[in-house]
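Only one chain is shown below, in structure tokens, and it's the form predicted alone.
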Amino acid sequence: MIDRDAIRAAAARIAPHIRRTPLLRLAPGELGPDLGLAHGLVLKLELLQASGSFKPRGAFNTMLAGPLPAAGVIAASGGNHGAAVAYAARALGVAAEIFVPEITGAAKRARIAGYGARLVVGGAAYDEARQASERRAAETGALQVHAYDQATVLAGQGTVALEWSEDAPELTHVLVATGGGGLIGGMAAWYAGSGTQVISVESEGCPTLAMALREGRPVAAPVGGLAADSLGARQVGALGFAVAQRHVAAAVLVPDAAILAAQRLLWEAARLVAEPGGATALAALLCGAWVAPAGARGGASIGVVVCGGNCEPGSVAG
């Protein structure tokens, strides 16, 4: 079960190891007078989380939920999850082996290796790296920490929403970048029945959840575009999809140009260096892929997760 009780338990379990990330409240027009945004925004700065993304929440919750084998842990990742598992393994004193695809950028590879994990390039795309990691786990007996389709991972990621609901209870809508479904699944499980709507935002190159919702089941999706190294799961996870079917209000797609514009805007307006996946949720507002309904609760209050910052600073700020 991925519900509020599971998320509260995860929050208590991981509290000594993660950061309660801050909020940045922006008044209407503060991101620029030409954007036409009538609402203030509340940014949840998960790019300031340990290891540079929200991912340590699920990694620590999974690794602390039971005894760890002598062989340590293993994971496949486009980069952020691998860095989180490597970071958590170092903190807990166990070995980690991380499989990444060829598309994983140099900044993310360096972060994984810097935390002391064994880094293995396991194929052209994430799904190939995942298959290689599963074969290796069967050989070694290491604990697999899935990037998104594991109940303890979803519960850990759901602690983003728990914190947000305590620190910004006025939010009527939250926009979340979606890859494999771990973050949006955990957050939607927390906000279920609360009156706060959860909106999925994906790049046009990685429409994993949007395709699954359209087809009524997880299906293979294209993997490409600017945010593929963080949002490029071939197929949405079964657990996240099940939650999304019930509790995600909308799933929208944004072009790479809007993602790049969101990265640059976050830098220019707030001096935040967000990776493409980290800027994807904001991109939905910039390009009009999602527009807040007028009059919601007497005036919508919009939250946006800035979920990761693992990229070369010069790619944004140069």
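Just so it is clear, the structure is predicted and the values come from calculations on it, not from any experiment. All residue numbers refer to positions in the sequence shown, first residue = 1.
One more form of this protein exists, namely the form predicted in complex with another copy of the chain; it is left out here, but the text below deals with it.
Listed stretches are 126-134, 84-92, 235-243, 183-191; the contact stretch with another copy of the chain in the predicted complex is 84-92, by a heavy atom cutoff of 4.5 Å. Of the candidates 292, 273, 252, 42, 273 is the one whose heavy atoms come within 4.5 Å of another copy of the chain in the predicted complex; the others do not. Taking 48, 64, 260, 287 one by one, only a single residue has any non-hydrogen atom within 4.5 Å of another copy of the chain in the predicted complex, and it is 48.
Contact annotation for residue 52: at least one heavy atom lies within 4.5 Å of another copy of the chain in the predicted complex. For residue 247, no non-hydrogen atom is located within 4.5 Å of another copy of the chain in the predicted complex, even though that partner is not displayed.
Contact annotation: residue 303 falls outside 4.5 Å of another copy of the chain in the predicted complex, judged by heavy atom distances. The closest heavy atom approach of residue 311 to another copy of the chain in the predicted complex falls within 4.5 Å. Residues of 239-271 lying near another copy of the chain in the predicted complex, listed in sequence order, are 267, 268, 269, 270, 271, the criterion being any heavy atom within 4.5 Å.
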